[in-house]
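Okay, here we've got a single chain as structure tokens, the form predicted on its own, with questions on binding and movement later.
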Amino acid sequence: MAAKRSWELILIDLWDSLRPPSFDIMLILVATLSGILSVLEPVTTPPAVANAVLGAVLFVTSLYLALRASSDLVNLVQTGVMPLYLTYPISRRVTSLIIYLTRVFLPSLILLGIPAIVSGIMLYPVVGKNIGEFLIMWIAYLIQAQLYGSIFILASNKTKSTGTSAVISITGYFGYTATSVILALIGSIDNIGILNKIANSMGFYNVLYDMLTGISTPLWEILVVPIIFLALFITYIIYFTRRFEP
């Protein structure tokens, strides 16, 4: 019974998260963008293809997660749908996992997956040299999207306001990326190596790109994004399970 109810909730909330026309438009946008970038960008290696295409698509995906999939969770509270979700004969922990799945993981999986397929087909002579490296880079971008999505869905749960949630989400996203850029600039200007490494570690795709291209990478750089993501994800689960009130 619990498995059946969980599946029902997944389908219901996934439809709300991906319902037309916003997701359809975004899907067309990322597919078109990936096709254009595949033609314009001069790339010669699979990791370079991933960086050229998925870097731009990650930005679009993050905006969708912030402004639609995650922040729209507030509407479930305001319209009285969330209390209905919580009446399902499943635990709050399972409900929180389902909401994360439908509001963060699956949208980012699709929005990053379609461009990967498009660029893989259009640039197969390059990607085909080492499909494994291309997939590793795609996974890196997917994990980076989970970090951003965790910020967005946690903000939605805590604020219970669509506008406030959107502002916090966008501020958090741009604040994170701006911090990385600022640290890199200061590190380059003043020749401070540790600042460059910290800035580089804030993008999981940067770290894996360095590894794939043979650049020596400290273990702590590899762990920065996964640790931040896990901390945010666990915080979201705990908050939804113990303190969230619709």
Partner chain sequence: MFWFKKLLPRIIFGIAIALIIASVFATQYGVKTYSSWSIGYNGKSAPAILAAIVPTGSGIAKINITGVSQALYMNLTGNPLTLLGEAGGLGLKTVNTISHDDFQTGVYFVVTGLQGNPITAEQAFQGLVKNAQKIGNSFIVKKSVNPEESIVVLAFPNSSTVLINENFKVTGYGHISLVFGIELGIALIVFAILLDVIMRRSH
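By rigid core we mean the largest C-alpha set that fits within 1.5 Å across both forms. If you're wondering where the values come from, they're calculated on a predicted model, not measured in any experiment. Numbering follows the first chain given and starts at 1.
In what follows, reference is made to the form predicted together with its partner chain, a form of this protein that is not presented.
- Contact annotation for the candidate site: Ile10, Phe105 and Gly128 all lie away from its partner chain in the predicted complex (no heavy atom within 4.5 Å).
- Interface residue remark: Glu41 is counted as part of the site for its partner chain in the predicted complex, having a heavy atom within 4.5 Å.
- For Ile222, no non-hydrogen atom is located within 4.5 Å of its partner chain in the predicted complex, even though that partner is not displayed.
- Interface membership of Ser180, defined by any non-hydrogen atom within 4.5 Å of its partner chain in the predicted complex, is ruled out.
- Mapping the unseen interface onto this chain, Ile117 counts among the residues with a heavy atom inside 4.5 Å of its partner chain in the predicted complex.
- Contact with its partner chain in the predicted complex, judged by any heavy atom within 4.5 Å, is made by just one of Ala56, Ile186, Leu27, Leu67: Leu27.
- In terms of contact with its partner chain in the predicted complex, the residue from Met137, Leu154, Leu123, Ile168 that brings a heavy atom within 4.5 Å is Leu123.
- Of all the residues from 9 to 36, those having a non-hydrogen atom no more than 4.5 Å from its partner chain in the predicted complex are Trp15, Leu18, Arg19, Pro20, Phe23, Asp24, Leu27, Ile28, Ala31, Thr32, Gly35, Ile36.
- Core-aligned CA deviation for Arg68 between the shown form and the other one: 2 Å or greater.
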